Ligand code: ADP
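Just one chain follows, in the form predicted on its own, and it is written as structure tokens.
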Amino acid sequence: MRRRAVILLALAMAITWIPAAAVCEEQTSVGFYFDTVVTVRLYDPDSRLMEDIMAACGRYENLLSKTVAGSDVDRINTAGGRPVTVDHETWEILTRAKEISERSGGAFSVTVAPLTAMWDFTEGTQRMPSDAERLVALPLVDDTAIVLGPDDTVTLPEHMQIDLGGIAKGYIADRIADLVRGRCAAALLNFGGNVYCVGIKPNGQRFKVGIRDPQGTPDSVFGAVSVADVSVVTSGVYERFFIKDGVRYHHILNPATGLPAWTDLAGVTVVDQSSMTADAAATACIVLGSEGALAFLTELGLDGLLVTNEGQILATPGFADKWVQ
């Protein structure tokens, strides 16, 4: 209890508003990409930076979205088991996805797509698979079956499908962060649950990124982390869900069962320079549960904060000292 109290006190102190001490030009733009609202705030940017960012977001959506005809992901999924030559960035993402899948014991998976397609957490139909449908699809979930060949080729066995929704936003945040460096004083990039803070605000302070309270409203936070030049990624079971026959079904599926990952975790926040790694790791942590998640984060050298269904706060060693200031 003392550990929980110390973390809560530090988080509460961190969210205190600090007035800006410097005046600079700010630009903010909002778009809708990757099935989420993208908000970009730039401090003293060059004249073309915002335009270049939004163009890059559009390019990545056309490259990586499962639902865009002709995207790399679409071509892999419809190739019928034949090799597909993809953009090198797609190949890089799949390489990292396979690594994280292996290190998480399959808790993170991009081949879970046949299962996720059987569920509906956004349109209100409360669609879910029958046990028979789910059991038929389970053998198709196997990231080790993805073959990454020379010259950026990808081979996926027939009937399998991939969905990069659990890692692509992180990769895109990393690349947009690279794009803005040197072209503005600082930037706050918000890709839904993926936030990348580039540089330090003109008032000399780090960015404050709020951590959502899983038990509260969508706007409720119980504290914040203080960061610069890193990404803060949060994943939670409260984001998309429905209740059917008294059972709460959320959108983070356990690849081993095809059912929601009913563990003791309600939310996970991971802080790292690689938003791609933090993105995939946060999802894996929900599937692993608190004990497995702490071991997994420690093994990968990642900083994380976990919130259980009962409201208990757990963190990797040194999290509060490093990120709560």
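These numbers were taken from a predicted model, which means no experiment stands behind them. Start at 1 with the first residue shown and count on from there.
Another form exists, predicted together with the named molecule; not displayed. Remarks below refer to it.
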Can you work out whether residue 251 and the named molecule are in contact in the predicted bound form, taking contact to mean some heavy atom pair no more than 4.5 Å apart? yes
Even though the named molecule is not shown here, does residue 196 get within 4.5 Å of it in the predicted bound form, heavy atoms only? no
Wondering, does residue 71 line up within 4.5 Å of the named molecule in the predicted bound form on heavy atoms? no
The named molecule contact at residue 192 in the predicted bound form, heavy atom, 4.5 Å: yes
Which is the contacting stretch out of 174 to 182, 124 to 132, 102 to 110, 207 to 215, given heavy atoms within 4.5 Å of the named molecule in the predicted bound form? 102 to 110
Which of the residues spanning 252 to 288 lie within 4.5 Å of the named molecule in the predicted bound form, based on heavy atoms? 252, 253, 255, 279, 283, 287
